[in-house]
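Take a look at this one chain, the form predicted on its own, written out in structure tokens.
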């Protein structure tokens, strides 16, 4: 029997779930706090509004949400608990007792540093979602909750698309679907298969938070959504002069009309926001006004050739643009590793043309024994290492705007590398291994610890054995010993 949301009351039981109290309703569903014996988890039940004349997207979106949420895991999504059937539809999920992002809206414009941190956390959430083959396609402040530990969770998957499952929304609904201010240009044209649509929406969210204005307003009719195909927004610094150039660069890159001009992945966006001092600034960062009338007219004329295309095919794979970290040992004892390490990195880059590269060195501060800001010659060791890293990488076949340099200061190189990999969403670490020694065998090597603890692929490179040329068997192989302290 269908659930009559008008007659629900506290104490009622639905499939073993006890209704505790109603929560604020949504546009297409009611929400109730619920409990169930044996389940020690704060839970919420979402019940769709199935009123006479209700938009069919309500029930179609609910079917999609049930199908998708049951397949999602991790801290960036509510934990799925149970779902009803077609006759009695509902979804029970974890109740996230955090800070809804919409609670910040009365306090806009927000500080740039706060907006950047929110952008990082939401980008991490999107990266996690995309790795699970799901496009959210409705990223907006009301669908983002910040957990007490700062981690962002995304809710409401009624408009989402799992790339390995049928796209119920795309198959049943004609015309673009989404929340008007946040819809990406390709969504306006019917494309529900582009993960960078979520990056566009996150760009709108950051723009809104840092300026108090929506970049494309709030169009009320779907035909008005097409304006974003030719009309660029005012740069954030037009509204708020306190927006730093690096944040404007990141936001406007997210808002590019062409998905290929945006960040390739959400992880790469997060990486830039975490390292603003190394972000490559283009003319986007300097803009203070929108494009002129003639430029806009030409774009508008060109956009007339773009028609709505209803696509219902599957897309088996999302954009591949990993972040590669190479751990470079700059000490004289590691000179023999220099060539093999470069060769290993070049091989990885050859197979991943869209990759970002992070060149990393660990400065073992406990070894210096002097003022941490200078060595025995009075030089700043941190800056010296940065200079040496840039010199090490200058011959690599990669665009300069896709390379960053990082000197990590820690007494434990393995710990520093593992934490860097985790905090920066690194996909692949390439590192060298020096020859073995009694101390390394006894204490455990850096590379062995990184291999054991890192949550990504790790390639360990050894120097060529005596008498072997690079490229011969034994020249490049997995190893277990390394020292990146320098």
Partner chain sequence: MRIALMTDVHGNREALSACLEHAERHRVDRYVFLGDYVGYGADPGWVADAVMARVDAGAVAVLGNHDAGVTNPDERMNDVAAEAIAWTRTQLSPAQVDFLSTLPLVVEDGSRLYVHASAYASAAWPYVTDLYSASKSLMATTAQVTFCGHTHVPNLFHMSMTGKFAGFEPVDRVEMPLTRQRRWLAVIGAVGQPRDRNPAACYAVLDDERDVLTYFRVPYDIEAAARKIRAAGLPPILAQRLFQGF
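None of these values were measured; they are calculated from a predicted model. Numbering follows the first chain given and starts at 1.
Keep in mind the form predicted in complex with its partner chain is missing from the figure; the text below concerns it.
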Does every residue of 348, 392 and 397 put a non-hydrogen atom within 4.5 angstroms of its partner chain in the predicted complex?
no
Using heavy atoms and a 4.5 Å limit, would one call residue 168 a contact residue for its partner chain in the predicted complex?
yes
Report yes if any heavy atom of residue 191 sits within 4.5 Å of a heavy atom of its partner chain in the predicted complex; otherwise report no.
no
Does residue 164 reach its partner chain in the predicted complex, with heavy atoms at most 4.5 Å apart?
yes
So, residue 226 and its partner chain: in the predicted complex, are they within 4.5 Å at any heavy atom pair?
no
Proximity to its partner chain in the predicted complex, single hit among 218, 283, 335, 85 (heavy atom within 4.5 Å):
85
One residue of 60, 448, 49, 456 in contact with its partner chain, assessed in the predicted complex (non-hydrogen atom, 4.5 angstroms):
60
Want to guess which of 350-358, 170-178, 151-159, 298-306 is within 4.5 Å of its partner chain in the predicted complex, heavy atoms only?
170-178
Which residues, if any, of 61-83 lie within 4.5 Å of its partner chain in the predicted complex when only heavy atoms count?
62, 63, 66, 67, 71
